[in-house]
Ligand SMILES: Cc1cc2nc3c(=O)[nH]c(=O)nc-3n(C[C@H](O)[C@H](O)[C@H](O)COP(=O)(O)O)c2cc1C
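One chain comes next, on its own, written as structure tokens: the form predicted on its own.
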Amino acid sequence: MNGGRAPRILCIAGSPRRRGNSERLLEACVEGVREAGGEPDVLVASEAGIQPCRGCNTCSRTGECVIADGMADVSRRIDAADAIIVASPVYFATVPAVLKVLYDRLQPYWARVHRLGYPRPVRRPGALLVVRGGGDPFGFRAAVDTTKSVFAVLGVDYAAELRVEGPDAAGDILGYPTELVRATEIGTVIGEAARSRGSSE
């Protein structure tokens, strides 16, 4: 896949808030990616300039989205990635709107395979880091399942997951050193997995 170069790991920050708890988890994860010899490509969903999906279904006929915006750059970065890591807070048991908009705009990837008969994407590893304040009885499940659905469309194997419950205000995650270490470990695991797959192809 990577032709001998350092594996490129797309690291998606899914929070509408910069430097919040999920983004700090992602920063720790990026350290692990670098330790594994990977090349992190950090994508901030809230700054990607993406409009919501219109549900027009044009992509089911053409394989392309009709909306001309920042999603073209996002798609290029997705296509170039040897692995994908997503970090997100949990809002009402699922991912926040800025990340869900990105997820919804991936419909062309589904349409190409399931409507137009394109080859399935090359398999690559992925991971999810999610953090929530707690108190919601519905927990993490919707955020996790939504991301697993997206990964399935992109050909991403769900290789690692970190759920952190408790941090709420920005910076609270700094009081969870064990979880930060685990995030770094996940970055290393994903970076090594991407490198291994690339060298075997």
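Because the structure is a prediction, the values reported are computed rather than measured. Position 1 is the first residue in the sequence shown; the rest follow in order.
Below: the form predicted in complex with the ligand, not depicted.
Put simply, of Gly70, Gly63, Gly155, Gly134 only one has a heavy atom within 4.5 Å of the ligand in the predicted bound form, and it is Gly134. Checking 100 to 108, 120 to 128, 74 to 82, 87 to 95 against the ligand in the predicted bound form, the stretch whose residues place heavy atoms within 4.5 Å of it is 87 to 95. Although the partner is absent from this view, Asp168 contacts the ligand in the predicted bound form, with a non-hydrogen atom inside 4.5 angstroms. Residues of 15 to 36 that come within 4.5 Å of the ligand in the predicted bound form, judged by any heavy atom, are Ser15, Arg17, Gly20, Asn21, Ser22, Glu23 in sequence order.
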